[in-house]
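Presented as structure tokens, the chain that follows is alone, the form predicted alone.
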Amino acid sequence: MISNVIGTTGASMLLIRPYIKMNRNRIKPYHIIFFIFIVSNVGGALTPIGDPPLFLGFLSGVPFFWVIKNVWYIWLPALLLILFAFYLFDLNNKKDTSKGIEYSGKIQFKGYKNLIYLAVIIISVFIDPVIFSWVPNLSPLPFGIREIIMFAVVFLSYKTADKEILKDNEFDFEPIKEVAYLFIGIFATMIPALQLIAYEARTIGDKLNAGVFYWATGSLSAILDNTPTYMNFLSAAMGKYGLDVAVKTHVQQFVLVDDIYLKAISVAAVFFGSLTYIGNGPNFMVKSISERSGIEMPSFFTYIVKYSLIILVPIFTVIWLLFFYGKG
């Protein structure tokens, strides 16, 4: 639920260390993997704040509350099925390895001032000239007022943070750096591929149904960045009706005409990001933090073969059969 308020990245970074510490007497790699499935991906599908592709859709003209109204009944069974799979895994791995570890039984919350910073970050999400005409456009600069506010808050938060809390949370910038380097590489190399996909999708758009959009968007979101993948397939879906994704009124019209394509693209872009470590930014950060905490995480391909293929693909297939098969 928190992923829908502060984003999957925010929720992952906020919760992963407490999650590891609370389970330190029995923590296993699968605990972290299911955390990635739920908190870092599927959980954040209810609001535009939850995941970047949904936010970009909002900026393009998709109404803010459209997501929760049209996706919750897809989100809920997917989440329950993943939780049930987690229960089955956990049922057979209840060995308590605690050796003299004692818990205080108390919950402590430190750093209350950061709640103010967090509130400013969430509010600043909406400070965009696309949403409010009074917000100045800083073009041709590659950033706007929103980004200036966010970076200022990040700087203040770090500089005024309690050093003891940072130490207790084992905070450092290495996981963020690793993800930044990885995704810069992905962004630099995926543009031609996505341009080709967008062209081909528009060319044969009349032959594409909701199921095709679901699997195509999902598959590419798992290995490329889900935000441009979402926008490319949204553009292709709108092309079926002669609409342009760059025109906000066209996007609003598209939602009213037939939203089955938008549902398929939105759900797939968020859900399928959990299939690989590179499917979504927080996945790799959670892996890095967990390894720094001494947890031996599976390799890239082991994660796919041992976990995501046998757990997520069957669940996502059920979702396809229930909500998108034969539609559009």
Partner chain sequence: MKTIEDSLKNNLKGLYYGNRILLPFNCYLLKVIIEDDIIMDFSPNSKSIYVHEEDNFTEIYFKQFKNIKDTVSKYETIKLIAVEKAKDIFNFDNHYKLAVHIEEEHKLTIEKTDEDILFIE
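Residue numbers count along the first chain shown, from 1. Predicted, not measured: the structure shown is a model, and the values here were computed from it.
As for the form predicted in complex with its partner chain, it is not shown, yet the points below apply to it.
*Asks:* Taking 158, 291 and 294 as the candidate spot, are all three within 4.5 angstroms of its partner chain in the predicted complex by heavy atoms?
*Replies:* Spot residues vs its partner chain: full contact, yes.
*Asks:* Which one of 246, 196, 141, 166 is close to its partner chain in the predicted complex, taking close to mean a heavy atom within 4.5 Å?
*Replies:* Contact residue from the list: 166.
*Asks:* Going by heavy atoms within 4.5 Å, which of 220 to 228, 248 to 256, 141 to 149, 169 to 177 lines up against its partner chain in the predicted complex?
*Replies:* The contacting stretch here is 169 to 177.
*Asks:* Do residue 306 and its partner chain share at least one heavy atom pair within 4.5 Å in the predicted complex?
*Replies:* Residue-level check for residue 306: no, no contact with its partner chain.
*Asks:* Is the gap between residue 315 and its partner chain in the predicted complex 4.5 Å or less for some heavy atom pair?
*Replies:* No, residue 315 is distant from the partner.
*Asks:* How about residue 20: is it within 4.5 Å of its partner chain in the predicted complex, going by heavy atoms?
*Replies:* Yes, residue 20 lies within 4.5 Å of its partner chain in the predicted complex.
*Asks:* Should residue 27 be classed as touching its partner chain in the predicted complex when contacts are defined as heavy atoms within 4.5 Å?
*Replies:* Judged by the heavy-atom cut-off of 4.5 Å, residue 27 is in contact with its partner chain in the predicted complex.
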